[in-house]
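The form predicted on its own is given below as one chain in structure tokens.
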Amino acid sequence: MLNSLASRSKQNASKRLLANSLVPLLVLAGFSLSPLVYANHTILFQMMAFMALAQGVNLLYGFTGYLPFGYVGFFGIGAYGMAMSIQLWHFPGLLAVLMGGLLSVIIAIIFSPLLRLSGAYFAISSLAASEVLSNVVSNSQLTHLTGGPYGESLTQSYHPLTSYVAMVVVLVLTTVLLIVIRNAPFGRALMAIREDPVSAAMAGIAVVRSRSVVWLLSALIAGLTGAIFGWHLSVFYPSTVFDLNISILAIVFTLFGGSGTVTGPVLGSIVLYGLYNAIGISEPQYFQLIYGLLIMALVLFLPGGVVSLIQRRGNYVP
């Protein structure tokens, strides 16, 4: 009997390991090979960017319960950190991308007191913080640093292929990071904090430190994604990289697929962003109608996202 249980446990562990390994491999293979059969590389690039952002939102919301409506602030700061590194210090593109991610982490440290709030107060405060960052960057008095309202032009550093590969790397690393955290004791501690922070603290979990680590990691993901996004565009304005719709789409993609899982944001980004490009550009009114109906159906019938349909059958979803 004991041998049978041990054997079954070992088989389940092997299946989980295989399932967890497949997700980043499929992401890597999908976005590496898709350019060979699909000519519109811009759509593929933007889908990767939203997928990485959705994973960043998933890390913060799915594991700690903080819903960051102002998540686009880190994205925009990453883009401007990269642009300033190229324009002012003449850094090469990849190093400038790292500087963009680093600047987003510094901004996250400055705004870390927001973690003292929760629920709607945190969501609104993060949104206000992103607006502050947007207004600072677009200030005409800082035109010599940020380009002010005239934006940034990096045509001398335009490398679409390198930036595409960089986005693939960041997306795969982000996916692996989520898998590691979800299956590590740290991930289980985060979920305990999400459910009941007081009980988690009484159980010996370092609530403040755990939340701060996730906050910084989430900012790093958005900063790197924004930096590569800006590098790929080469010309952008404050309204481009601080657009609130970027936050909203990343949140919707996460919730549609299923927060707290690694597969959910991947699935949500593919389905909804694919739907947007299929009918959202040519028929925006129909897309908004379908989008609204999908969100309503999701909230009413699938609060755990699409992956919850699989989980209800007792199947493991990475």
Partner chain sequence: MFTYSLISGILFGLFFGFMALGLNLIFGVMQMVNLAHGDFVVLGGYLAVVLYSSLHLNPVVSLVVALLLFFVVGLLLFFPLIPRLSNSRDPEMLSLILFFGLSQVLEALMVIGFGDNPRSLPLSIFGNAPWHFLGQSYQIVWVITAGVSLLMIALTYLFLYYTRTGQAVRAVMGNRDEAMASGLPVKRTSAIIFSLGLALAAMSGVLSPFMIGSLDPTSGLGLTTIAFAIVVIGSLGNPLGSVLGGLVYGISLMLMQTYLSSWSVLVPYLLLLIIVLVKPSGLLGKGVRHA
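Residue numbers count along the first chain shown, from 1. Model, not experiment: these values are computed from the prediction.
Quick note: we don't show the form predicted in complex with the partner chain, though the next part is all about it.
Heavy atoms within 4.5 Å of the partner chain in the model of the complex: which of the stretches 233 to 241, 81 to 89, 119 to 127, 217 to 225 has them? Result for this chain: 119 to 127.
Quick check on this chain: which one of Val180, Ile248, Leu173, Leu102 has a heavy atom within 4.5 Å of the partner chain in the model of the complex? Looking at Val180, Ile248, Leu173, Leu102 one by one, just Ile248 meets the 4.5 Å heavy-atom criterion.
Would you kindly say which of Val27, Leu44, Leu267, Leu67 lies with a heavy atom within 4.5 Å of the partner chain in the model of the complex? Selected option: Leu67.
Please run the contact check for Ala39 against the partner chain in the model of the complex: heavy atoms, 4.5 angstroms, yes or no? Answer no; every heavy atom of Ala39 is more than 4.5 Å from the partner chain in the model of the complex.
Even though the partner isn't displayed, in the model of the complex is Val252 close enough to the partner chain, meaning a heavy atom within 4.5 Å? Answer yes; at least one heavy atom of Val252 falls within 4.5 Å of the partner chain in the model of the complex.
Are any of the heavy atoms in Asn139 no more than 4.5 Å from a heavy atom of the partner chain in the model of the complex? Within the cut-off, so yes.
Quick check on Phe111: any heavy atom within 4.5 Å of the partner chain in the model of the complex? Flag for Phe111 set to yes.
Stretch 283 to 318: residues contacting the partner chain in the model of the complex, 4.5 Å heavy atom cut-off: If the 4.5 Å heavy-atom criterion is applied to the partner chain in the model of the complex, 283 to 318 yields Gln285, Tyr286, Gln288, Leu289, Tyr291, Gly292, Leu293, Ile295, Met296, Val299, Leu300, Phe301, Pro303.
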